[in-house]
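The chain that follows stands alone, in the form predicted alone, written as structure tokens.
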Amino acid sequence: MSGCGCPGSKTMTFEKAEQTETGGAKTSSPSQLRQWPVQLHLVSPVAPYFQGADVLLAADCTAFALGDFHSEWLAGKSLAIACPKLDANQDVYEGKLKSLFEDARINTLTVLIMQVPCCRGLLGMAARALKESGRKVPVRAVVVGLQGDIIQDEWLEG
């Protein structure tokens, strides 16, 4: 967890409420977010929601390009988001990703990036962290087009 003291950085896990027609947490498209925080700088790789989890590492823009981000990509996964072009101190990212593989012993990692060249950096960080960890973890690389189409979807060898 970040040492900034901001209450918004406090680690939280969300329990999903039952959806009801009569006064419950009913929405047309319920959120699938399971935890807070989500920004890679702020997450703790040893947080309970990462332990043995299927993890989605999403480039910031992907959630806006994909209309079905919550239902198709986030559902059932713990989340970390990052921007390989604009985020500062990215050297921290590789260490956090390595810790997700080693300490949290995550089950799978889906790396969701945009088709723009700078986004490939996020996939590169994940690949290097996996290699350094020495673990074999399935990594799914998904490239999203600018209008929300899936351009590439493949499982990489871990």
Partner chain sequence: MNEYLRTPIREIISRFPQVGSLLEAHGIGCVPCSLGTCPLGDIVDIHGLAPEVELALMTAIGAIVAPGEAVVLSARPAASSPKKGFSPPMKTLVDEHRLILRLIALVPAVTASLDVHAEDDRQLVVAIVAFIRNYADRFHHAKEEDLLFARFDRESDILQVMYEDHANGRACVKAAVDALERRDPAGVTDNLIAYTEILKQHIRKEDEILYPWMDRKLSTRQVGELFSAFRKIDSAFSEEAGRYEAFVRSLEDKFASNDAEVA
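Numbering follows the first chain given and starts at 1. Keep in mind that what you see is a predicted model, and the values were worked out from it rather than measured.
Not pictured, yet referred to below: the form predicted in complex with the partner chain.
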Would residue 53 count as touching the partner chain in the predicted bound form under a 4.5 Å heavy atom rule?
yes
Is there a heavy atom of residue 10 lying 4.5 Å or less from a heavy atom of the partner chain in the predicted bound form?
no
Check residue 145 for me: does it contact the partner chain in the predicted bound form (non-hydrogen atoms, 4.5 angstroms)?
no
With a cut-off of 4.5 Å between heavy atoms, is residue 110 one of the residues that contacts the partner chain in the predicted bound form?
yes
Going by heavy atoms within 4.5 Å, which of 87-95, 58-66, 102-110, 115-123 lines up against the partner chain in the predicted bound form?
102-110
Of 132-155, which residues get within 4.5 Å of the partner chain in the predicted bound form if you count heavy atoms?
136, 137, 138, 140, 150, 151, 152, 153, 154, 155
